[in-house]
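Okay, here we've got a single chain as structure tokens, the form predicted on its own, with questions on binding and movement later.
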């Protein structure tokens, strides 16, 4: 499989291929409501697994409930090597707004909702997404919600714990409560606030999963990225993914798409070999931004 060339890395109790799939775009506009074409969403998931993807990222607040139900429809019973990572701590308002849901009752309900909608007895990995600031990491204690989840982990409902939208200090504090198997924050070739955290996690053998690896709702725009891609006969988005794969061996990618064609394009990024001069050029994008 082409994605095998990107290698593997440990994600909690399992080893996964470094190119995975993020299910957020399988919901409707604004990650709210059902997709326009449910059959197409099912087809994308099945194609991803057929092409060797064994790491899928989701959340029950995508939709809400929509992406998990589509994952279950498309892939259940799940392949033995498939790792499904979910995140909790938010709920959706009737208008599609993102509302913090970090009380013990809400967190417990979210775990049981994920179990039911995915059709599993134990969740492979659960990321606690900090909602101290919806838009980015903010210092503050996450001890209370993480303690609730650690208790559910001891009860056998969660295999491994991760954290999302967090600072290095919060990760260190989290490790005092339960072993943190992965960190999921915003990071890409132009948004590199977590450079030091990624290197620290790599030394500890902990996975780092960048969300918005291609810029998110506003795709990456860079003349440097475009020039490098043109020189390599690739798309800018493929080069952005290839840069992440080369940036550090503990980076696991979860680019999302609702299109089989874009899925194939994303997975082909594993075969792009970035020369040193291209890496140097790309490394300069963040400082120029």
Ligand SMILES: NC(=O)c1ccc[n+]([C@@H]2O[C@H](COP(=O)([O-])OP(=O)(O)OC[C@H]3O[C@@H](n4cnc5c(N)ncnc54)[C@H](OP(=O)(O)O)[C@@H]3O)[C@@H](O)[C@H]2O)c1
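All figures in this text were calculated on a predicted structure; none of them were measured in a lab. Positions refer to the first chain, counted from 1.
There is also a form predicted together with the ligand; it is not shown, and the following applies to it.
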property	result
Residue contact check: residue 170 to the ligand in the predicted bound form, 4.5 Å heavy atom	no
The ligand contact in the predicted bound form: residue 78, any heavy atom under 4.5 Å	no
4.5 angstroms heavy atom contact with the ligand in the predicted bound form for residue 270	no
Residue 213: touches the ligand in the predicted bound form, heavy atom cutoff 4.5 angstroms	yes
Which of 204 to 212, 104 to 112, 147 to 155, 191 to 199 lines the interface with the ligand in the predicted bound form (heavy atom within 4.5 Å)	204 to 212
One residue of 49, 251, 225, 254 in contact with the ligand, assessed in the predicted bound form (non-hydrogen atom, 4.5 angstroms)	254
Whether 24, 57 and 129 all lie within 4.5 angstroms of the ligand in the predicted bound form by heavy atom	yes
Residues of stretch 246 to 274 in contact with the ligand in the predicted bound form (4.5 Å, non-hydrogen atom)	254, 255, 256, 257, 258, 259, 262, 265, 266
